[in-house]
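As C-alpha cells, the next two blocks hold two forms of the same chain, structure 1 and structure 2.
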Structure 1
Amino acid sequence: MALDKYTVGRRYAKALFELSDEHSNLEATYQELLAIRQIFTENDDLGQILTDTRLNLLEKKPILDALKQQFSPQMQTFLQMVFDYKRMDDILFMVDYFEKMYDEKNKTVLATVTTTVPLTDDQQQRLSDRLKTRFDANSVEITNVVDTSIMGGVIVRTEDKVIDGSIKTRLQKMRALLLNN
C-alpha cells in the first residue's frame, strides 16, 4: 500500500524533529528547512527531477551533492536518506509538518485576520497581544487579509479555530433569528 504525501511528510518530519530536539539543534534545523523550502519553491520541478526517472542516478548525484553541500552534516544525512528512499518530491510536505511541530513547541500561533481595511501596526500589535492571551501563546504571527464583503469587524482563523466577529455574520445570525420567530 502506497503512503500519501502527507503521511510520508509527517513521518520524516517527526523523525527529524525528534532527532533535532534530542541534539538541541532544533532552531538550526528549522532555519535550514526554511532554506530548503525556498530552494524547492524557486525550483518547483527539483523534487520530481530527483525522484522520477528523467535522469539516471549518475545524472542526479551532482544535483544532490550541490544541494547537500549548503547544509549541516545532519541535514546532509537527512537529504541523502530522503533521496535514497525516492521521496524528494515530498520534501515540502516534510518541511511544512516540521514547521507545524516547531510552532507548537514554541507556542507560536499563526493567524489569518480578515478585515475590511488593512490593520495598522498598533491594531495588529493589540490584536496579537489579545490572541497570545486567548491561545496561551508566546507569539502570534498575523497575516492580514482585506475583504470588504465582511462589511466590518474581524475574522480570525488559526489552524483549528475561527473567531468570526464580522458584521456580515452578525447580520446573518440576526436575520436567521428573526425568520425563525
Structure 2
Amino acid sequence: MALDKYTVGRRYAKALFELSDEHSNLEATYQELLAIRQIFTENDDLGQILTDTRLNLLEKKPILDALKQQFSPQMQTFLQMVFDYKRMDDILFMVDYFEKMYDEKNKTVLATVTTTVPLTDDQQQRLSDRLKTRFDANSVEITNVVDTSIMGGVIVRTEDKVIDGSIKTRLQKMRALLLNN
C-alpha cells in the first residue's frame, strides 16, 4: 500500500529532527527548512519537477544543485536523500511536521486569530499573554486574519483547538436554541 503524504512527511521529518537534536543544531536546521519552504511555495512545481520520471537525471541534476548549494552540509545530504527516494513533492509536509515537532519542543503555539478589524500590537501582545497561560506555552505566535463575515469578536484557532467567541457563532447558537424550544 502506498504511504500517504502525511506518513511520509512524518517519517522524514522525525529522522531529520532527531539527527539535528543530536548535533544540537535544531535552530539552524529549522531556519534552513523555513528557507526551503519559501523556495518551494514560490516555485509551485518544483517538487513535482524533481520527482517527475519524464525528466532524466541529467535534467534534474542542475536544478537540485542550484537548490542545494547554499545550505549546510547536513541539509545538503538531506535534500540529496529526499531526492534519491523521489519524495521531493512531499517536502512541504516534512517541513510542516518538523515545525510541529520543533514547536512542541519549544512549547511554541501557532495561533490563527480571526477578527473583523486588524489587531493592534498592544492587543496582540495581550492576547498572546493570555493564550500563553491558557495553552501552557512559552511563546505564542499570532497570525492575524481579517474576516468581516464573523461580525465581531475573536476566533482563535491553534493546531486542533478552536476558541470561538465570534458574534456569528453566538447568533447561530441562539438560533438553534430558539428552534429547539
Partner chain sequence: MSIKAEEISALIKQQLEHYDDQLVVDEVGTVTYVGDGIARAHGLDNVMSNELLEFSNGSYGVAQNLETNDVGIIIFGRFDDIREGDQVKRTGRILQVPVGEEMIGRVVNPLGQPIDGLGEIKTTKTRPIEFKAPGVMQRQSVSEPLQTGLKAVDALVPIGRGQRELVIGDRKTGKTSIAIDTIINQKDQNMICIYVAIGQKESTVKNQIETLRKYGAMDYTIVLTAGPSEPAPMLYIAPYAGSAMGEEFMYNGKHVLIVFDDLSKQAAAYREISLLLRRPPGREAYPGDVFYLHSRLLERSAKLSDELGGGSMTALPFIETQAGDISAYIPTNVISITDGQIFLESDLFYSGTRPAIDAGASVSRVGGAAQIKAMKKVAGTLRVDLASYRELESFAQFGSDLDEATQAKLNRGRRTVEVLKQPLHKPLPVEKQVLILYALTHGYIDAVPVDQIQRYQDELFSFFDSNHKDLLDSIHKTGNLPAEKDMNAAIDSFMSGFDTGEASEDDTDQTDAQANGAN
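What you see is a predicted model, and the numbers here were worked out from it, not measured in a lab. One-based numbering along structure 1's sequence throughout. Just so we're on the same page, rigid core means the largest C-alpha set that superposes within 1.5 Å between forms.
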(message) These are two forms of one chain. I'd like to know which is the form predicted on its own.
(response) 1
(request) Take the rigid core as the frame of reference and indicate whether the C-alpha of I167 shifts by 2 Å or more between the two structures. (result) yes
(message) Please state whether A28 has a C-alpha shift of 2 Å or more between the two structures, with the rigid core used for the fit.
(response) no
(request) Compare the position of the CA of S149 between the two structures after a rigid core fit and state whether the shift reaches 2 Å. (result) yes
